[in-house]
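Shown next as structure tokens: one chain only, the form predicted on its own.
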């Protein structure tokens, strides 16, 4: 099996439209949660807060490409361009069959799907739908649109596993390179914020609804006063590359991926289970050939739901005890759903580079069910050689990725 390096990063997030803006916001301890007054028209929606992205420069994408892109595909295209530039990948390499992309999302563009139904239903008139709306709505819209925009002819795939989508995309790209089927992969996830998506969590009582008038105080991962997640949006894209190829061209290597695992819990469609999380993380560590004692930092999924945080904390406590630093970035950027795994991995790689761990924002008092692990509650200067990134999704889908710092 070939080794796999991460050589490029790109991010569009609620904290800004670049990796630099993301890190700057984390360093300042910013919370991107906002009150969303326009959501009041949706009857029964309890959660009126979200973490939106301020879309910029979308018209730099030619209209011919942009017309088939919903909000999330635009984010993905912009993040992909950033990552390619960061990695120093040429236009010529893009047209090689040895370069592909895997980009996941929870679904197609929720905004576009909603627009399509609002147009269609009053008169049931299909002629009112434009010819490109379908391409904004399909489940593989981000992967398809990025590949078309950039002229990618290698492997093109989409992972649609809700909040595990981005990490599964990176895992799929990792395996394609390990097996020698591709040399370079653009991988990650994208998501668009829309009240219909928020509503899907809201009906399960999984959203934050107690802080509508104090949005900067939510979400609160692991905290005793947490009351649910805050949906966000954006995209995170990483460039994966054959390690020897990257070394030969003297590319900057942010880290080497050394382990990956993904499992289902097989028992509950909406509740995380510590047993399944434990199995997934242990297998990722085993495949990385490292022990729990070797891990320096865990970037937790920790969305601030009562059940999810409790189960993840229990799994971390069982495997690592209270000896490994743990933090979640959801307090800063909300839960970016299908993009969360890649956006948060990117931030973790920069932490690894800077030897600093950003704390879990809004975590003031760990809940009793979330204690017994090493919560990072203020910036921590620490050398990170090995990090673990967790993602857990509805449907009982778990994913874990282990990365090692380049010496």
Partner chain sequence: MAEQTIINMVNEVFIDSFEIPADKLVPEANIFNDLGLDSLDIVDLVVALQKKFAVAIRDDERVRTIRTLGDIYNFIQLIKTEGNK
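Note that the structure is a prediction, hence the values are computed from the model and not measured. Numbering follows the first chain given and starts at 1.
The next section is about a form of this same protein that is not shown, the form predicted in complex with its partner chain.
The three marked residues, 64, 67 and 128, each reach its partner chain in the predicted bound form, with a heavy atom inside 4.5 Å. When contacts are judged by a 4.5 Å heavy atom cut-off, residue 132 counts as touching its partner chain in the predicted bound form. Shown alone here, residue 56 lies farther than 4.5 Å from its partner chain in the predicted bound form, counting heavy atoms only. Contact with its partner chain in the predicted bound form, defined as any heavy atom within 4.5 Å, is confined among 56 to 64, 370 to 378, 337 to 345, 35 to 43 to 56 to 64.
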